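We begin with a single chain expressed as structure tokens, specifically the form predicted alone.
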């Protein structure tokens, strides 16, 4: 048996970090990371090497695989490792530490809904927990099989075989799609029909439609179509109590929406097997530009006015001075607004011109000859393509998770968190989070850190600020010390955003890492109601225990890396 032997039919993932196994940093990127490490650790650092499969001594599965399941259930070490954790900073560090106390006993690759039903029946009979995997890109402890001691074993559920566009309704511009389909495969299968879902999260290449729905993922559009919610027409959920399938409708006032309960349920109610999704025609007309502001406050005011103008740009991402400096986007301190419009129906020049009038009135500047207009009938294969500043920032954004793979080995903490806030409270939250996080990082690590901010999405009533921070975890190769410091920094960020009026997460989901903040911001009575719904759909509490809420009658609590950490 080779170390990477797997039952997966997909290209092999890097089990200990971001990306596929055969993807590597370029020499230029390696030099960039070494320069970053040199800036944060001028006296040098011990670099811990990434783990190998042979480094892990996984406990044997606690139950034997029944013969009827043997063709689609794996106990191979590689499969168990890949499905043990998500892709957060903390998950990466724990892989580097070569310790995985919560590896799933089995990894199931069901090929049909009947397989899933059989697995649920077996899990109910034997008191097993089922953990829906999606694409495994969770950055909040959402897929870890850390379920406490009330379960006899754990099974990770990977729906990669449910990966087809099953039906296309051209007239309604919608499609019925298997939940296990990856982003690129979805776009490829829609392309011959002249459609796109046009939902491009940073994890697009590795994440699935079912995962997007379960976690209320955010995508490409900065306004209007911000979350996967906006594209979901109906859902099909398999639960231990039966199938819950909703009716396809453009809208309905018939009571509380069952889809709204499924979207964002994070795998605690059952497993999403397919969904009807609303499609977009391929964009033909595009416009893009980058504008600069002396301060973040000026840029935020421009974005507020644009968000309330009814123009609804496809891209409206504001980068603060620290973010601009870190990415080398300007020679002088400034905030940068990356602005774009697109349409499959009409030219967008008038929309861009009006937005630029707002930019100018708000104190922003831009180069007239850098305003880009294009019209094309070409099919899209990748998310938005823009020249200059926008392209430079986007490339850095897409590559950052790959950079973190190596930065982790240097003992450098590189992480993000995001929130959303109403416009009246944004200034207080922005200043409070920046100053609070800088103080917390220095107090916890003994070394100044870097905290930057950008807007990922904007609404007429407020923005979604996304913060990135770098800190020194440890320079001696003691990654456990780095993890301990991250835990404290993460707890500080959770507490800050919630105490300042923001949400603990805008599009990264709750999982385990954000559960303390979720419990602060959500009404207790609602959580009790959600627990009752879970008890009805999942009477034994088998699905993803420990995420969002505890199953009725089971003791799980906050587990994972945030266990025992004040949030």
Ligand SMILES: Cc1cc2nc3c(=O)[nH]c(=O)nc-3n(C[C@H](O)[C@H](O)[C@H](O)COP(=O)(O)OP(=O)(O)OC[C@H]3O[C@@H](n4cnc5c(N)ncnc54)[C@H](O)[C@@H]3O)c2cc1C
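Here the structure is a predicted model, which is why all the values come from computation and not from measurement. Numbering follows the first chain given and starts at 1.
What comes next is about the form predicted in complex with the ligand, which does not appear here.
| Quick one: of 405, 196, 115, 202, which gets a non-hydrogen atom within 4.5 angstroms of the ligand in the predicted complex? | Of the candidates 405, 196, 115, 202, 202 is the one lying within 4.5 Å of the ligand in the predicted complex.
| field | in the predicted complex, the one of 206, 96, 467, 341 near the ligand [non-hydrogen atom within 4.5 angstroms] | value | After the contact test, the surviving option is 206.
| request: Pick the stretch from 419-427, 211-219, 332-340, 70-78 whose residues have a heavy atom within 4.5 Å of the ligand in the predicted complex. | output: Flagged stretch: 211-219.
| task | May I ask you to state whether residue 15 is within 4.5 Å of the ligand in the predicted complex, using heavy atom distances? | result | No, residue 15 is distant from the partner.
| field | the ligand contact in the predicted complex: residue 473, any heavy atom under 4.5 Å | value | Outside the cut-off, so no.
| Given that the partner is absent here, does residue 139 sit within 4.5 Å of the ligand in the predicted complex, heavy atoms only? | Residue-level check for residue 139: yes, a contact with the ligand.
| message | When the contact criterion is heavy atoms within 4.5 Å, does residue 271 count as touching the ligand in the predicted complex? | response | Judged by the heavy-atom cut-off of 4.5 Å, residue 271 is in contact with the ligand in the predicted complex.
| Can all three of 502, 514 and 562 be found with a heavy atom no more than 4.5 Å from the ligand in the predicted complex? | Checking in the predicted complex: none of 502, 514 and 562 is within 4.5 Å of the ligand.
| Though the partner is not shown here, which residues of 489-513 have a heavy atom within 4.5 Å of the ligand in the predicted complex? | In sequence order, 507, 508 come within 4.5 Å of the partner.
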